[in-house]
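Heads up, the chain below is alone and in the form predicted on its own; it's given as structure tokens.
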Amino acid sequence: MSRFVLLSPNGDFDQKLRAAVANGLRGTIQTISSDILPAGPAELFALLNQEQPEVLIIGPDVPYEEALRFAKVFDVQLPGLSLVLVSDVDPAGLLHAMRAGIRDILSPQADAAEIRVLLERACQSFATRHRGPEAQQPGDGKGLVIGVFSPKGGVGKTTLATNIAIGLGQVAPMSVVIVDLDLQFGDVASGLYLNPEHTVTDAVTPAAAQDSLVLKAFLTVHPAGIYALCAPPNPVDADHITPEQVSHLLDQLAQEFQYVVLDTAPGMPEIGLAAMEKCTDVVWVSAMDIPSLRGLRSGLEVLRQLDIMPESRHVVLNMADAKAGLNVRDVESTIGAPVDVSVPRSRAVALSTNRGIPVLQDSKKDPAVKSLRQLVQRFNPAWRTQAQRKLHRRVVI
């Protein structure tokens, strides 16, 4: 079976697509070089010698209206196929495309890495639709929402959040999105060395809120096989984003991704509290100093009183240093909760943060890398099943 079929007379895009598939994807490509698309599945399969593909790519130079007509026919007759449209369309056009049956949108200017990530996602979507309801597992259809929180700034939340996302992306490629909810001064974009065209501001617009396809168009693809939704570049834009919009956004993303990782602002702003109520897991972060520890203790107590503490809690002691005059027992006594993961102070982590390449992406050998992988492992379904007996385990530094 041909895995990919390109419908387009654009030879340049054909070459770029073949380069993307050749570097990491299994399957073949067949190209139909015409801007007039087949009338329906029977005509298409005749051109393909009766082979049925997994992914149909409607490439550049195909008229937009012709692409929508084609998608509507296939959505009715073969809804299991993944249809990808290569086009620069505005949000209104995205809405029409989704209603016609287009599963995803790709920019004609996308590079090979972006094309490869999108095609892998399209194949995964095809496999999910064809495995049948009997193969679905309990909880399918809604991913984990993992929030990284701390009452105090400067404890390494963004570093942890980006590494969690990268680590989970290695477990579940194209099924992870990281969202920067430090809307005024977020650093996810710099932490991942991204220059996003769209941000959270775009993702909460009415068009995106109504259609997940429009929302996906506003996500930024990272070379490590994850998606990012970064904070707006202008802090003033954060004033126009409401907690209700953020709650709805997280619901949408949890329906589309296996893992949604949140980097949040220090303290407990309304946006953060709204996000926490949507979290399945909360990662509490503290540095190894008395102000950070006392702040975390106060924050945990407030949340207990508000009764919005998610059941799955992971306490991380970041930048841990045995020479700081404190040990794990001191930390646990101060915050009133067990420490689950201790990440030692590391020059490799600091350097990776400054470079915008998370240390888990760089595959360095470092004690901090081992601890970060332990943290990522806590979101693995197999670990979570075993951990029901003993969720929290004392760590040693």
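Small disclaimer: the values here were computed from a predicted structure and weren't measured. Note that residue numbering begins at 1 and tracks the sequence as displayed.
Keep in mind the form predicted together with a small molecule is missing from the figure; the text below concerns it.
Residue contact with the small molecule in the predicted complex: Q361 places no heavy atom within 4.5 Å of it. Among heavy atoms of S346, some come within 4.5 Å of the small molecule in the predicted complex.
Using a 4.5 angstroms limit between non-hydrogen atoms, A337 is distant from the small molecule in the predicted complex. The small molecule in the predicted complex comes within 4.5 Å of a heavy atom belonging to N318.
For the candidate set K157, R121, H222, K216, a heavy atom within 4.5 Å of the small molecule in the predicted complex is found for exactly one residue, namely K157. For the candidate set G101, P232, P266, G93, a heavy atom within 4.5 Å of the small molecule in the predicted complex is found for exactly one residue, namely P266. Looking at the small molecule in the predicted complex, residues D182, A350 and T353 each place a heavy atom within 4.5 Å of it. Of the candidate stretches 103 to 111, 222 to 230, 207 to 215, 146 to 154, only 146 to 154 has residues whose heavy atoms lie within 4.5 Å of the small molecule in the predicted complex.
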